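To begin, one chain is listed below as structure tokens, in the form predicted on its own.
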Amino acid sequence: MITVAGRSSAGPELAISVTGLTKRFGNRTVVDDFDMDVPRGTIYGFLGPNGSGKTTTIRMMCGLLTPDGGGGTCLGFDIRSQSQQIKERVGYMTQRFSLYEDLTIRENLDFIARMYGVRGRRARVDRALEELGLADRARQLAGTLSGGWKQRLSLAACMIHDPELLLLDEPTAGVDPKARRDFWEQIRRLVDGGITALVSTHYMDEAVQCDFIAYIAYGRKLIAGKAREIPRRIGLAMWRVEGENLGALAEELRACPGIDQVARFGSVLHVVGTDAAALDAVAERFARRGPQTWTRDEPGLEDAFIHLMAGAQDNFADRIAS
């Protein structure tokens, strides 16, 4: 990748462009030959089970962890040789609350602003308090906050230096649904203002908030692209089944040729396959038999994720078995 005066030839439309990223810990490859282009001004989600390499991949892409192989640029800077320049332009929100619980909200934000050498520090802290709805709690000790309010404080802290790129590592773990919804509304406002956000998650309701998604399993990228196009690109067809005795029906369907997966979503079954004709034949036969109601539907991201994970090989399986 050619760079000129510290800037990448990838152009301003890409926030990140990396190829062949590989990371090993001991004799275990945790990220394997990873390629990715992240457009500026988007939310890019990294979806996968715990331990799949999401956080390690994101940290390498942003110059926070040196890869063992591969390279590229982040915000126009080389991820290997210009990591300091990248760090100055990145806000990183970790899964665990990492601010000082014995300081007030204002004191925490002021401390972070000092660390980044923010000019007009007091005014910037005041603005952060207002933007995240924290002004009325500015004197409250951080350790006394609920999960949702700690989340707001964490977001305010990682935005205090006006970064170009925001890293969110499992950002809504342990918070209530309303706090999660409020959080995502704030992230969307930031992205609409030009920020790029990378999000590591395994929550499907968070995945739908993303413009782009990469499915990662056991160190490998299974598929990446626009979120709304992922199920179609895999080639999935789906029937939605409602009615009584769904448990027994699910067991019967799993033995039928043409059906790749049967997943229960509350009072509904998603019956999925890659051979649409074979799947339709099974659906029509069972629909005639009843008593359940069968409806052709579009598969979603969770259907795609289940399908991809079924074919993924756990690179820690031999360790677990031993």
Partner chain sequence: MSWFSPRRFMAVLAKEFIQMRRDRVTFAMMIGVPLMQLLLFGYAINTDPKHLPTLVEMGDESPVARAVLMGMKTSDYFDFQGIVTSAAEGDRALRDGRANFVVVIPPGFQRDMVRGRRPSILLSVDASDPTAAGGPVAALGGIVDAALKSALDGPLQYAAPEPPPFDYVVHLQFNPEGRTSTYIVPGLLAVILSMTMVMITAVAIVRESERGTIETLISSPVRPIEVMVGKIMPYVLVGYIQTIVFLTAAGLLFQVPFTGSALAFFIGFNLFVITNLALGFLISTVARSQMQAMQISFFTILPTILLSGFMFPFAGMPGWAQTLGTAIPATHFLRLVRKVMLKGAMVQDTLQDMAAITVIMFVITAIAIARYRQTLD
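Quick caveat, the model's predicted, so the values are computed rather than measured. Numbering follows the first chain given and starts at 1.
Missing here is the form predicted together with the partner chain; even so, the following discussion is about that form.
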Checklist entry - W149, W184, Y203, Y92: which sits within 4.5 Å of the partner chain in the predicted complex by any heavy atom? => result Y92
Checklist entry - Which of L65, V282, A263, V30 has a heavy atom within 4.5 Å of the partner chain in the predicted complex? => result L65
Checklist entry - Among R188, Y215 and E229, does every residue place a heavy atom within 4.5 Å of the partner chain in the predicted complex? => result no
Next on the checklist: For the interface check, one of 218 to 226, 106 to 114, 235 to 243, 69 to 77 should have non-hydrogen atoms within 4.5 Å of the partner chain in the predicted complex; which one?
Outcome noted: 106 to 114
Next on the checklist: I'd like to know if K87 sits close to the partner chain in the predicted complex, meaning any non-hydrogen atom pair within 4.5 angstroms.
Outcome noted: yes
Next on the checklist: If we define contact as a non-hydrogen atom of the residue within 4.5 angstroms of the partner, is K178 a contact of the partner chain in the predicted complex?
Outcome noted: no
Checklist entry - So in the predicted complex, does R96 come within 4.5 Å of the partner chain, heavy atom to heavy atom? => result yes
Checklist entry - Taking the shortest heavy atom distance, is L141 within 4.5 Å of the partner chain in the predicted complex? => result yes
